[in-house]
Ligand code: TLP
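For reference, the chain that follows is the form predicted alone, supplied as C-alpha coordinates.
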Amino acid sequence: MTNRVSDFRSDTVTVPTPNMRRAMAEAEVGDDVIGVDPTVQKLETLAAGIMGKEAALFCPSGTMGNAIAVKAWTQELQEVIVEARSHIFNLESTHLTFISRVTPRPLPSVRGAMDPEDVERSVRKPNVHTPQTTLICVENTHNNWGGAVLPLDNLKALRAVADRHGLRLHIDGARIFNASTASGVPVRDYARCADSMMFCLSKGLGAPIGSMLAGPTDFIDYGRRIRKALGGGMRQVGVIAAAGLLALTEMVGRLVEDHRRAERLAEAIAAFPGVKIDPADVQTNILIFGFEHPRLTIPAFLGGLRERGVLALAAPGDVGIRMVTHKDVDDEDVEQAVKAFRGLLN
(Lines give C-alpha, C1' and ligand atoms only; values in the text may rest on other atoms or scores of the structure.)
Protein backbone atom coordinates (compact mmCIF):
# COMPACT_ATOMS: atom_id res chain seq x y z
CA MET A 1 0.00 0.00 0.00
CA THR A 2 1.11 3.59 -0.66
CA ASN A 3 -0.12 7.06 0.19
CA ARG A 4 1.07 8.40 -3.16
CA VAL A 5 -1.58 8.43 -5.91
CA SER A 6 -0.34 8.29 -9.50
CA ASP A 7 -3.24 9.30 -11.73
CA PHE A 8 -2.91 8.04 -15.31
CA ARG A 9 -6.63 8.19 -16.13
CA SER A 10 -6.31 11.13 -18.53
CA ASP A 11 -4.38 14.31 -19.24
CA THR A 12 -7.57 16.13 -18.21
CA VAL A 13 -7.08 15.35 -14.51
CA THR A 14 -4.35 17.97 -14.11
CA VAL A 15 -4.68 20.99 -11.84
CA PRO A 16 -3.78 24.56 -12.89
CA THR A 17 -0.19 25.65 -12.35
CA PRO A 18 0.57 28.31 -9.74
CA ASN A 19 1.10 30.81 -12.57
CA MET A 20 -2.33 29.93 -13.96
CA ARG A 21 -4.02 30.38 -10.59
CA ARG A 22 -2.33 33.76 -10.19
CA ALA A 23 -3.33 34.85 -13.69
CA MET A 24 -6.90 33.72 -13.12
CA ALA A 25 -7.13 35.72 -9.89
CA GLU A 26 -5.76 38.84 -11.54
CA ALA A 27 -7.45 38.54 -14.96
CA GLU A 28 -8.98 41.60 -16.55
CA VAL A 29 -12.58 40.63 -17.36
CA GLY A 30 -15.75 41.83 -19.05
CA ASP A 31 -18.96 40.34 -20.36
CA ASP A 32 -17.90 38.07 -23.22
CA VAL A 33 -21.46 37.54 -24.49
CA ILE A 34 -21.53 41.20 -25.50
CA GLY A 35 -17.91 40.95 -26.67
CA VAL A 36 -16.08 42.99 -24.05
CA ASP A 37 -13.89 40.52 -22.19
CA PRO A 38 -10.33 41.61 -23.05
CA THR A 39 -8.67 38.42 -21.81
CA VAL A 40 -10.90 36.24 -23.98
CA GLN A 41 -10.13 38.51 -26.93
CA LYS A 42 -6.39 38.06 -26.33
CA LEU A 43 -6.81 34.30 -26.17
CA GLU A 44 -8.88 34.13 -29.35
CA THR A 45 -6.41 36.33 -31.22
CA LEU A 46 -3.46 34.24 -30.01
CA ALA A 47 -5.16 30.95 -30.94
CA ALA A 48 -6.07 32.18 -34.42
CA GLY A 49 -2.52 33.35 -35.00
CA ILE A 50 -0.97 30.09 -33.86
CA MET A 51 -3.20 28.15 -36.27
CA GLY A 52 -2.83 30.63 -39.11
CA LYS A 53 -6.59 31.21 -39.24
CA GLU A 54 -8.54 34.45 -39.46
CA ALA A 55 -10.38 34.07 -36.16
CA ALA A 56 -11.00 31.79 -33.19
CA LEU A 57 -13.76 31.12 -30.65
CA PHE A 58 -13.35 30.17 -26.99
CA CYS A 59 -15.62 27.20 -26.18
CA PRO A 60 -16.35 25.48 -22.85
CA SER A 61 -15.36 22.07 -24.26
CA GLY A 62 -13.89 20.29 -27.25
CA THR A 63 -17.19 18.53 -27.81
CA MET A 64 -18.94 21.88 -28.16
CA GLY A 65 -16.20 23.13 -30.49
CA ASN A 66 -16.62 20.10 -32.73
CA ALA A 67 -20.41 20.35 -32.58
CA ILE A 68 -20.29 24.00 -33.63
CA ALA A 69 -17.98 23.19 -36.55
CA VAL A 70 -20.22 20.40 -37.86
CA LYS A 71 -23.34 22.54 -37.48
CA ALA A 72 -21.72 25.49 -39.25
CA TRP A 73 -20.37 23.46 -42.18
CA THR A 74 -23.44 21.28 -42.85
CA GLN A 75 -27.19 21.28 -43.33
CA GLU A 76 -29.77 18.73 -42.25
CA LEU A 77 -30.05 15.60 -44.40
CA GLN A 78 -26.37 15.76 -45.36
CA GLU A 79 -23.58 13.31 -44.57
CA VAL A 80 -20.25 13.61 -42.77
CA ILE A 81 -17.34 11.22 -43.33
CA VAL A 82 -15.70 10.24 -40.03
CA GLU A 83 -13.11 7.68 -38.98
CA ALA A 84 -14.71 4.61 -37.40
CA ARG A 85 -12.98 4.92 -34.02
CA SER A 86 -12.96 8.71 -33.87
CA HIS A 87 -13.92 10.67 -30.78
CA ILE A 88 -16.44 12.80 -32.65
CA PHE A 89 -18.31 9.66 -33.77
CA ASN A 90 -18.02 7.50 -30.64
CA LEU A 91 -17.60 9.71 -27.59
CA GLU A 92 -19.41 13.02 -28.08
CA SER A 93 -22.97 12.06 -27.15
CA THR A 94 -24.22 11.79 -30.76
CA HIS A 95 -24.17 15.52 -31.49
CA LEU A 96 -23.77 14.75 -35.21
CA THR A 97 -27.32 13.44 -35.29
CA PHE A 98 -28.78 15.22 -32.25
CA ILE A 99 -27.63 18.77 -33.00
CA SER A 100 -26.67 18.87 -36.69
CA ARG A 101 -29.09 16.16 -37.86
CA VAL A 102 -26.54 14.76 -40.30
CA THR A 103 -25.63 11.16 -41.05
CA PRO A 104 -22.15 10.05 -40.02
CA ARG A 105 -20.42 7.75 -42.51
CA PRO A 106 -17.69 5.92 -40.57
CA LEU A 107 -14.72 4.59 -42.54
CA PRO A 108 -11.90 2.27 -41.42
CA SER A 109 -8.34 3.49 -41.11
CA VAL A 110 -4.77 2.59 -40.33
CA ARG A 111 -4.24 4.07 -36.86
CA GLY A 112 -6.60 6.94 -37.62
CA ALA A 113 -5.42 7.67 -41.17
CA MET A 114 -8.24 6.98 -43.63
CA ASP A 115 -7.32 5.85 -47.13
CA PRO A 116 -7.88 8.89 -49.41
CA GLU A 117 -9.11 6.62 -52.21
CA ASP A 118 -11.61 5.03 -49.84
CA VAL A 119 -12.76 8.48 -48.77
CA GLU A 120 -13.15 9.58 -52.37
CA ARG A 121 -15.18 6.46 -53.26
CA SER A 122 -17.43 7.21 -50.29
CA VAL A 123 -18.33 10.77 -51.32
CA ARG A 124 -21.99 10.82 -52.30
CA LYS A 125 -23.84 13.32 -54.44
CA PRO A 126 -27.40 14.24 -53.43
CA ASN A 127 -30.40 12.38 -54.75
CA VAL A 128 -33.82 11.45 -53.40
CA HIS A 129 -32.47 8.28 -51.74
CA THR A 130 -29.11 9.27 -50.22
CA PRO A 131 -27.58 12.20 -48.33
CA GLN A 132 -25.03 14.52 -49.88
CA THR A 133 -21.52 14.30 -48.43
CA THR A 134 -20.35 17.79 -47.43
CA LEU A 135 -17.77 17.39 -44.65
CA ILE A 136 -14.79 15.22 -43.69
CA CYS A 137 -13.74 15.06 -40.03
CA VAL A 138 -10.34 13.77 -38.92
CA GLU A 139 -8.68 13.49 -35.50
CA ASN A 140 -5.06 14.35 -34.63
CA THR A 141 -3.74 12.92 -32.36
CA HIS A 142 -6.14 10.01 -32.41
CA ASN A 143 -7.38 9.13 -28.93
CA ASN A 144 -8.74 5.63 -29.53
CA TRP A 145 -5.71 4.66 -31.60
CA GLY A 146 -3.48 5.32 -28.59
CA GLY A 147 -2.46 8.89 -29.33
CA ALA A 148 -1.41 8.11 -32.91
CA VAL A 149 -0.22 11.04 -35.01
CA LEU A 150 -2.02 11.57 -38.31
CA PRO A 151 0.65 11.91 -41.03
CA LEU A 152 0.75 15.28 -42.76
CA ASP A 153 0.84 13.59 -46.19
CA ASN A 154 -2.42 11.83 -45.36
CA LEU A 155 -4.03 15.13 -44.39
CA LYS A 156 -2.83 16.75 -47.61
CA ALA A 157 -4.30 13.88 -49.62
CA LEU A 158 -7.64 14.23 -47.82
CA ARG A 159 -7.55 17.97 -48.48
CA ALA A 160 -7.14 17.23 -52.18
CA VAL A 161 -10.16 14.91 -52.09
CA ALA A 162 -12.18 17.61 -50.34
CA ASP A 163 -11.17 20.20 -52.93
CA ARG A 164 -12.08 17.94 -55.86
CA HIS A 165 -15.58 17.42 -54.48
CA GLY A 166 -16.27 20.80 -52.88
CA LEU A 167 -16.20 19.43 -49.33
CA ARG A 168 -15.11 21.05 -46.07
CA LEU A 169 -12.49 19.41 -43.82
CA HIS A 170 -12.51 19.79 -40.04
CA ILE A 171 -9.74 18.63 -37.70
CA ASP A 172 -10.57 17.50 -34.18
CA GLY A 173 -7.15 18.54 -32.93
CA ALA A 174 -7.86 18.11 -29.23
CA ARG A 175 -4.19 17.15 -28.78
CA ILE A 176 -2.74 18.81 -31.89
CA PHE A 177 0.24 20.12 -29.93
CA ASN A 178 1.12 16.55 -28.97
CA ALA A 179 1.00 15.66 -32.67
CA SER A 180 3.28 18.57 -33.50
CA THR A 181 5.71 17.75 -30.69
CA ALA A 182 6.01 14.13 -31.80
CA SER A 183 6.22 14.77 -35.54
CA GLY A 184 8.06 18.07 -35.72
CA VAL A 185 5.31 19.39 -38.00
CA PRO A 186 4.19 22.90 -36.96
CA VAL A 187 0.54 23.05 -35.90
CA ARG A 188 -0.03 25.69 -38.56
CA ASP A 189 0.93 23.17 -41.27
CA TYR A 190 -1.72 20.77 -39.98
CA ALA A 191 -4.27 23.57 -39.77
CA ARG A 192 -3.49 24.69 -43.31
CA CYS A 193 -5.02 21.42 -44.56
CA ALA A 194 -8.32 22.15 -42.84
CA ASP A 195 -11.16 24.62 -43.12
CA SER A 196 -11.46 24.58 -39.33
CA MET A 197 -9.52 23.27 -36.35
CA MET A 198 -10.60 22.57 -32.79
CA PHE A 199 -8.00 22.13 -30.05
CA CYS A 200 -8.17 21.73 -26.29
CA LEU A 201 -6.48 23.79 -23.58
CA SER A 202 -7.37 21.28 -20.86
CA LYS A 203 -5.80 18.18 -22.46
CA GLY A 204 -2.08 18.09 -21.81
CA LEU A 205 -1.71 21.87 -21.53
CA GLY A 206 -2.94 22.14 -17.94
CA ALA A 207 -5.78 24.65 -18.22
CA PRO A 208 -8.81 23.83 -16.05
CA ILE A 209 -11.34 24.20 -18.87
CA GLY A 210 -11.73 25.34 -22.43
CA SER A 211 -11.14 24.60 -26.09
CA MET A 212 -10.60 26.76 -29.15
CA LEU A 213 -12.26 26.62 -32.56
CA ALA A 214 -10.33 28.36 -35.35
CA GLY A 215 -11.33 29.13 -38.92
CA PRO A 216 -12.50 31.89 -41.29
CA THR A 217 -14.03 35.03 -39.79
CA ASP A 218 -17.54 34.43 -41.14
CA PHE A 219 -17.46 30.83 -39.90
CA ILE A 220 -16.43 31.96 -36.41
CA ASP A 221 -19.06 34.71 -36.39
CA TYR A 222 -21.73 32.13 -37.16
CA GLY A 223 -20.11 29.74 -34.68
CA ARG A 224 -20.52 32.35 -31.97
CA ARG A 225 -24.26 32.36 -32.64
CA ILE A 226 -24.37 28.56 -32.47
CA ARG A 227 -22.39 28.60 -29.22
CA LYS A 228 -24.98 30.95 -27.73
CA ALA A 229 -27.83 28.71 -28.92
CA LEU A 230 -26.16 25.70 -27.28
CA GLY A 231 -25.91 27.53 -23.97
CA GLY A 232 -22.20 28.18 -24.32
CA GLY A 233 -22.30 31.95 -24.00
CA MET A 234 -20.16 32.87 -20.98
CA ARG A 235 -19.91 36.14 -19.08
CA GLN A 236 -16.75 37.20 -17.17
CA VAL A 237 -14.94 34.24 -18.64
CA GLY A 238 -11.56 35.94 -18.69
CA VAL A 239 -10.93 34.26 -15.34
CA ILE A 240 -10.48 30.97 -17.19
CA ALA A 241 -9.25 32.39 -20.49
CA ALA A 242 -6.26 33.66 -18.52
CA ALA A 243 -5.26 30.06 -17.81
CA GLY A 244 -5.70 29.27 -21.50
CA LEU A 245 -3.24 32.00 -22.45
CA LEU A 246 -0.61 30.39 -20.23
CA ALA A 247 -1.49 26.94 -21.56
CA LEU A 248 -0.46 28.13 -25.02
CA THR A 249 2.55 30.19 -23.99
CA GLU A 250 4.07 28.13 -21.16
CA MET A 251 2.92 24.52 -21.43
CA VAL A 252 3.46 23.37 -25.02
CA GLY A 253 7.23 23.05 -24.75
CA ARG A 254 7.09 20.50 -21.93
CA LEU A 255 4.88 17.96 -23.80
CA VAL A 256 8.03 16.11 -24.85
CA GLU A 257 8.40 15.04 -21.20
CA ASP A 258 4.97 13.37 -21.30
CA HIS A 259 5.92 11.51 -24.46
CA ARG A 260 9.18 10.32 -22.94
CA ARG A 261 7.40 9.00 -19.86
CA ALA A 262 4.75 7.26 -21.95
CA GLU A 263 7.48 5.55 -23.95
CA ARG A 264 9.23 4.44 -20.75
CA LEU A 265 5.96 3.10 -19.32
CA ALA A 266 5.12 1.21 -22.52
CA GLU A 267 8.54 -0.38 -22.75
CA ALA A 268 8.38 -1.51 -19.12
CA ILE A 269 4.87 -2.97 -19.05
CA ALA A 270 5.20 -4.74 -22.43
CA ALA A 271 7.28 -7.40 -20.70
CA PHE A 272 4.55 -8.40 -18.22
CA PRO A 273 2.23 -11.38 -18.86
CA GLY A 274 -1.23 -10.38 -20.03
CA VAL A 275 -0.18 -6.98 -21.41
CA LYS A 276 -0.43 -6.66 -25.17
CA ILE A 277 1.27 -3.52 -26.45
CA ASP A 278 3.92 -2.65 -29.02
CA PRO A 279 5.98 0.20 -27.55
CA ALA A 280 6.75 1.37 -31.08
CA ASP A 281 3.07 2.32 -31.45
CA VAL A 282 3.28 4.80 -28.56
CA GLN A 283 3.97 8.11 -30.31
CA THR A 284 2.66 10.63 -27.80
CA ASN A 285 1.21 10.51 -24.28
CA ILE A 286 -1.52 7.85 -24.57
CA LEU A 287 -1.14 4.10 -24.07
CA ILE A 288 -4.00 1.77 -24.97
CA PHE A 289 -3.11 -1.86 -24.48
CA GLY A 290 -4.87 -5.18 -24.61
CA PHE A 291 -5.11 -7.19 -21.41
CA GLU A 292 -5.66 -10.94 -21.29
CA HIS A 293 -4.59 -12.66 -18.11
CA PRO A 294 -5.53 -16.10 -16.75
CA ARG A 295 -6.18 -14.79 -13.23
CA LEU A 296 -7.32 -11.20 -13.63
CA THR A 297 -10.13 -9.50 -15.49
CA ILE A 298 -9.69 -5.90 -16.55
CA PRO A 299 -11.85 -4.58 -13.65
CA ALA A 300 -9.93 -6.74 -11.16
CA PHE A 301 -6.60 -5.56 -12.51
CA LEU A 302 -7.66 -1.92 -12.38
CA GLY A 303 -8.80 -2.48 -8.80
CA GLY A 304 -5.42 -3.97 -7.93
CA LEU A 305 -3.65 -0.98 -9.44
CA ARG A 306 -5.89 1.36 -7.45
CA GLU A 307 -5.00 -0.43 -4.21
CA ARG A 308 -1.35 0.22 -5.09
CA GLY A 309 -1.95 3.92 -5.69
CA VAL A 310 -2.13 3.82 -9.50
CA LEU A 311 -5.25 5.01 -11.36
CA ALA A 312 -6.08 3.94 -14.92
CA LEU A 313 -9.24 3.41 -16.98
CA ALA A 314 -10.71 0.70 -19.15
CA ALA A 315 -10.43 1.68 -22.80
CA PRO A 316 -13.69 2.50 -24.61
CA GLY A 317 -15.50 -0.68 -25.53
CA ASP A 318 -13.64 -2.61 -22.82
CA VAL A 319 -11.03 -3.61 -25.40
CA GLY A 320 -8.18 -2.98 -23.01
CA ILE A 321 -6.72 -0.40 -20.66
CA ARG A 322 -5.85 3.25 -21.20
CA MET A 323 -3.12 5.18 -19.43
CA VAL A 324 -2.13 8.77 -20.14
CA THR A 325 0.91 10.76 -19.05
CA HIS A 326 0.69 14.47 -18.26
CA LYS A 327 2.29 17.28 -16.29
CA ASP A 328 1.10 15.96 -12.92
CA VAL A 329 2.80 12.57 -13.18
CA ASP A 330 6.60 12.41 -13.02
CA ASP A 331 9.27 9.73 -13.30
CA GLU A 332 8.49 8.51 -9.80
CA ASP A 333 4.85 7.99 -10.76
CA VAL A 334 5.91 5.97 -13.78
CA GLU A 335 8.11 3.76 -11.61
CA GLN A 336 5.26 3.34 -9.12
CA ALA A 337 3.04 2.16 -11.97
CA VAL A 338 5.68 -0.31 -13.18
CA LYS A 339 6.09 -1.63 -9.65
CA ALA A 340 2.31 -2.08 -9.34
CA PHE A 341 2.21 -4.03 -12.61
CA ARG A 342 5.05 -6.20 -11.39
CA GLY A 343 3.34 -6.92 -8.09
CA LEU A 344 0.07 -7.92 -9.75
CA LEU A 345 1.31 -9.82 -12.81
CA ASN A 346 4.54 -11.54 -11.80
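Quick caveat, the model's predicted, so the values are computed rather than measured. Start at 1 with the first residue shown and count on from there.
The same protein has a further form, the form predicted in complex with the ligand, not shown here; the description that follows concerns it.
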Checklist entry - Is the gap between residue 61 and the ligand in the predicted complex 4.5 Å or less for some heavy atom pair? => result yes
Checklist entry - Might residue 19 be said to contact the ligand in the predicted complex, defining contact as any heavy atom within 4.5 Å? => result no
Next on the checklist: Residue-level question: is residue 284 within 4.5 Å of the ligand in the predicted complex, judged on heavy atoms?
Outcome noted: no
Next on the checklist: Please determine whether residue 91 contacts the ligand in the predicted complex, using a 4.5 Å cut-off between heavy atoms.
Outcome noted: yes
Checklist entry - Even though the ligand is not shown here, does it sit in the predicted complex so that 74, 136 and 170 each have a heavy atom within 4.5 Å? => result no
Checklist entry - Considering 181, 100, 109, 143, which brings a non-hydrogen atom within 4.5 Å of the ligand in the predicted complex? => result 143
Checklist entry - Since exactly one of 200, 197, 150, 262 fits, which has a heavy atom within 4.5 Å of the ligand in the predicted complex? => result 200
Checklist outcome for this item: Which of 61-69, 39-47, 25-33, 294-302 lies within 4.5 Å of the ligand in the predicted complex, heavy atoms considered? The stretch 61-69
Checklist entry - Are there residues in 245-273 with a heavy atom within 4.5 Å of the ligand in the predicted complex, and which are they, in order? => result none
